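In structure tokens, one chain follows: the form predicted on its own.
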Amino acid sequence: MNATKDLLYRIADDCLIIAHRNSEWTGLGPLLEEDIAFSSIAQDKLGHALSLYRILHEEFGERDPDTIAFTRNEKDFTCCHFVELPNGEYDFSLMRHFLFDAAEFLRWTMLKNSSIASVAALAAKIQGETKYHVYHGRTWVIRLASAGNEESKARMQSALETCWPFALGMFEHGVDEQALIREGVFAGEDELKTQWEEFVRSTMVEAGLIIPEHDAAVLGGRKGYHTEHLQPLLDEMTVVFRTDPGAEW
């Protein structure tokens, strides 16, 4: 797999899996406002994944989007471990939402300058949507940590500590990172991580939360090594398609 295809798969697979996780809050959100918000964000992420799978199909000769999304098993996915983890309590899902979408917003901002025209055009569109995702997550993290009570702040601090090593795994290098940089496709995961840490740190200072300093990144997802949670998620997500792949709606 060449470097560009690998990059697009990584981004798309992250979006597809986090979309499914976010959709699991539908009907279960702690507030109606949050129920609707997570459902809307899930729909956006699914659309982002679909757009990327279409580029892979139309420009790189990969299979059609439905086949890509619904017929692969866990070893064929290149998503990071962070998006695979079960939702847990709302504090964990909220912190994951903010940390993930902050990285996605910055990634799409960088991709607006991609040498691949279709990717640059898509990034210009998606960046605007993702900006609102970040605003939503950031607002609630700060509100619960700095304007809530002692319990809410403690829960957000605990969620940050749990999320942090998995969040660092978002920046695991894929295939031939230097080729992406050299060809102007993408400025690279290291540059993205630097921008993300600066943005996240400023938010955590405002929220009064302390970022863990020495946690090592949880890696492996980009190479097809996943948590025990991914395959059950895929089984659930694909059950209808696998029942009758040729069905027409």
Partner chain sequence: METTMTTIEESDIWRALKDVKDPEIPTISVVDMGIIIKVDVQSPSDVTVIMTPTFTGCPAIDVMRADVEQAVRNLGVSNVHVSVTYDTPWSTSRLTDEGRAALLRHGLALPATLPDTGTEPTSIVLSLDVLSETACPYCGSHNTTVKSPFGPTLCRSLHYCNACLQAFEGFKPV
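These numbers come from a predicted model, not from an experiment. Numbering follows the first chain given and starts at 1.
Heads up, the form predicted in complex with the partner chain isn't pictured, but that's what we're talking about next.
Going by heavy atoms within 4.5 Å, which of 175-183, 126-134, 162-170, 87-95 lines up against the partner chain in the predicted bound form? Of the options given, it is 126-134.
When the contact criterion is heavy atoms within 4.5 Å, does Phe105 count as touching the partner chain in the predicted bound form? Judged by the heavy-atom cut-off of 4.5 Å, Phe105 is in contact with the partner chain in the predicted bound form.
task: Although the partner chain is absent from this view, report whether Leu144 comes within 4.5 Å of it in the predicted bound form, heavy atoms only.
output: Flag for Leu144 set to no.
Touches the partner chain in the predicted bound form: Glu189 (any heavy atom, 4.5 Å): Result no; Glu189 lies far from the partner chain in the predicted bound form.
With a 4.5 Å heavy atom cut-off, would you call Ala37 a contact of the partner chain in the predicted bound form?
Judged by the heavy-atom cut-off of 4.5 Å, Ala37 is in contact with the partner chain in the predicted bound form.
Item checked: Neighbours of the partner chain in the predicted bound form among 44-74 [non-hydrogen atom within 4.5 angstroms] -> Heavy-atom contacts to the partner chain in the predicted bound form: Asp44, Gly47, His48, Ser51.
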